[in-house]
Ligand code: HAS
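Encoded as structure tokens, the following chain is the form predicted on its own, with no partner shown.
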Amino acid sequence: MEIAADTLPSTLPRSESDRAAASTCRLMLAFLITGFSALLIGATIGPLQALNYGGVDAYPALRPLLQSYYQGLTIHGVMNGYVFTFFVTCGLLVYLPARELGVAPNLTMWRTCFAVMAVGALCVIYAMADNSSSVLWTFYPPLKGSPFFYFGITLLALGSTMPLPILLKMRATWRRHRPGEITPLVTYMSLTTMLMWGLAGVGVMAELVLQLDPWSLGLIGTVDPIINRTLFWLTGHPIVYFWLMPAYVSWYGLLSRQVGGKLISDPMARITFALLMIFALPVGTHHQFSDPGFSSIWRGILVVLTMSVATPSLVTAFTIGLSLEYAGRLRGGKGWFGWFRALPWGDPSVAAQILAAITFILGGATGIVNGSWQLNAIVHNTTFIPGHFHVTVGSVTAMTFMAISFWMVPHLTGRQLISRRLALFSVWTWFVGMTIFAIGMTWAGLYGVPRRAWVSALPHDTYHALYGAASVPLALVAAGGVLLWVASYAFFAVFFGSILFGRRAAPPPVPFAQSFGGPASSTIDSPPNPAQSASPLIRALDHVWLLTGITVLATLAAYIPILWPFLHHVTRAPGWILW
């Protein structure tokens, strides 16, 4: 495998540097391949759920491979929401900062991260494959699965936090060599993402280690469903940002360079990540608006807190939009929309990220509906909800990760994409398919079509009596799912085909962006870049431990009043094993 010359970490002697660079690239490629292999499984099963809502029950024909809709839905959610996102993110958020700082990561810790998550993934795959753990990706008790499932999720969650000490050590090494300087942007965004996730992981780890792991082994006989749901959503809402923030890392840290321009505002990027870190954790219980046990006052407070999360997304829309316009006008674009047409749409990496950003408009709008107590009562537990998160993780995250792979595979392997046309076809088909699918799901939800329901297993007359009024949106769901199937296999043909058969070429460099209004990114041995050149705002935001403390206090303030009554009125539920 060829390695780009600028991958060499500068803190080692030349021979050691060469070996470290090669090892770093191979490990990053392993994270990428494993993550997209998980997506291959999840995306293969995904359209079956879409066909289900179109009235087509494909599961009887797939037995004994898949026993039911619920087994398929569990595999789809776990492989896409956990395994795919965790592996790609834990690769990117170590590799990109290592390259930006010019500091070699702790390969032992990074390999351990990979190994722990790989063992966890194998455990959950085993538990899902034998239909012993068709408990969906939320695994709400008292529905009970196999110990392999819960221990697998525990290992996945634990492994996904291991990039944090790697990042902290790389940043500390960099700061020792460059005292008083501001953390470079991509490293800052990666570190705040991992700090947020390290705090968020406390919820699900407490749920698993204290309750579900011993419960599944028979060491305890009962669990409290409402406490466990609350702990789950302490992690389960921030996980959306653990999916989203790596995409923002690419949009802020790479995309403006890829389109031939500059990032309009470095401070706005840092503000976005600081706000996401603080706002992501305290609002998880808005997923429990329909649950009993906490007051209407707290539900109202949660609405306000949830709406605050829209602020960094609006900042991102403005900053990235203006950065794209600047690049488009540099490329000769005129008038109101000429700059948009002038962007390099022939580059599949650029096209995928811009289309992902466009679909996020729908994701943001539907998210505001979900976060409103009154409106949530209308759409709760309907297809509106998966319609919303498919245009977050299913478009923004998946499409941006696809976009990153289009330049990263050549960068890591020294092999060109086998077909840019097929890559562009996959991107545009995914965009169209996801848009149709999401519109159909959200529209059907307004008719009250339930989420997580095996509706196609109903008798034909019953299906049409219940859901005939929603026949048009449900047909869109099925059509969008089929298009996504086509798009995913076109992408995988490019991804795996390029790794195996792409033509040899010089590996392209990482396209780190330059910005207005912020310090230039500085590798460990680049010329001095005094902190005095950075604004007071940037210097203040560089105190990540202060941001961490604020996040902890805000989270405790939001969760103690809700959890305290639950802990004093414990419900003891035995496990239910339905399959």
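Small disclaimer: the values here were computed from a predicted structure and weren't measured. One rule holds for the numbers: they count along the sequence shown, beginning at 1.
Below: the form predicted together with heme-as (HAS), not depicted.
Participant: Do heavy atoms from each of Y126, G201 and T551 fall within 4.5 Å of heme-as (HAS) in the predicted bound form?
Facilitator: Not one of the three qualifies.
Participant: Examine A506 and determine whether its closest non-hydrogen atom to heme-as (HAS) in the predicted bound form is within 4.5 angstroms.
Facilitator: Answer no; every heavy atom of A506 is more than 4.5 Å from heme-as (HAS) in the predicted bound form.
Participant: Under a 4.5 Å heavy atom criterion, is G371 part of the interface with heme-as (HAS) in the predicted bound form?
Facilitator: Close contact exists here: in the predicted bound form, G371 approaches heme-as (HAS) to within 4.5 Å, heavy atoms only.
Participant: Can you work out whether L314 and heme-as (HAS) are in contact in the predicted bound form, taking contact to mean some heavy atom pair no more than 4.5 Å apart?
Facilitator: Output for L314 is yes: heavy atoms within 4.5 Å of heme-as (HAS).
Participant: Give a yes/no on whether F279 approaches heme-as (HAS) to within 4.5 Å in the predicted bound form, heavy atoms considered.
Facilitator: Residue-level check for F279: no, no contact with heme-as (HAS).
Participant: Can you pick the one in N80, T306, S426, T183 that has a heavy atom within 4.5 Å of heme-as (HAS) in the predicted bound form?
Facilitator: Filtering the options by heavy-atom distance leaves T306.
Participant: State the residue from F492, F114, F389, F431 whose non-hydrogen atoms include one within 4.5 Å of heme-as (HAS) in the predicted bound form.
Facilitator: Answer to the contact question: F389.
Participant: Which one, 184-192, 356-364, 94-102, 211-219, holds residues whose non-hydrogen atoms are within 4.5 Å of heme-as (HAS) in the predicted bound form?
Facilitator: Of the stretches listed, the one contacting the partner is 356-364.
Participant: Heavy atom within 4.5 Å of heme-as (HAS) in the predicted bound form: which residues of 249-272 qualify?
Facilitator: Heavy-atom contacts within 4.5 Å come from W251 alone.
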